[in-house]
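As a starting point, one isolated chain is supplied in structure tokens, in the form predicted on its own.
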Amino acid sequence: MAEQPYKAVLLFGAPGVGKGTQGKILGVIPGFHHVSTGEIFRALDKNSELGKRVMSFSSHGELVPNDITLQVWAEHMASQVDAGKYRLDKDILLLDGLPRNIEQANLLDGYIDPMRVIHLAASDEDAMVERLRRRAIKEKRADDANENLIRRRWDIYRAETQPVLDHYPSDIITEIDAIGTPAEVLQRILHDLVPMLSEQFGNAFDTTEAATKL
């Protein structure tokens, strides 16, 4: 458990809606630090015991068990703090891919101070499935290109992840239309987040640091 809760913005949405894309874009803005659970898992050594355990679930379209997920994520965050890449007093964590169910949300309560929940919503499942399939082929991730596995992830999302929204106060949740170009979706997100960022930090950014990050 973190000694001091991480101030966080949670990026929610079904597979393919663009959480990772938007998280990466927002992550270059001074004051934000993007962390993708999926990227943490993919960076694991697949030949290690932990890597093999994670792959045994993800390769079948199943969610990684909560205890393993929290262990991997917490260790990653501790390393980010130790390396000075995430600063408790200056950065807001953009958390992408966590929590995915109520148990994870309960476990995360000891780690994060949620400031905003951005719910990227898309009604066209077929379009999102095709987007994921094309991305997996482009990135040479054959397992992720299987349509049945992609739709299985959507089923899991509907059953387990959407109810997590009820865990958080409704006044910090904003639903964003995920259909459109990345720039259009980004504009909608910033419309909600910029006032929060300004209130949190005002003009207190280090301009040298900002230029380096951008």
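Just so you know, these numbers come straight off a predicted model, no measurement behind them. Residue indices: 1-based, along the sequence shown.
As for the form predicted together with a small molecule, it is not shown, yet the points below apply to it.
Every residue of the trio 15, 69 and 153 has some heavy atom no more than 4.5 Å from the small molecule in the model of the complex.
With a 4.5 Å cutoff on heavy atoms, residue 38 counts as touching the small molecule in the model of the complex. Heavy atoms of residue 42 reach within 4.5 Å of the small molecule in the model of the complex, making it an interface residue. Though the partner is left out of this view, residue 177 does not reach within 4.5 Å of the small molecule in the model of the complex, counting heavy atoms only. Proximity of residue 29 to the small molecule in the model of the complex: non-hydrogen atoms within 4.5 Å are absent; the residue sits far from the partner. For the residues 63, 185, 165, 50, the 4.5 Å heavy atom test against the small molecule in the model of the complex is passed only by 63. With the partner removed from view, the residue among 116, 135, 90, 76 that has a non-hydrogen atom within 4.5 Å of the small molecule in the model of the complex turns out to be 135.
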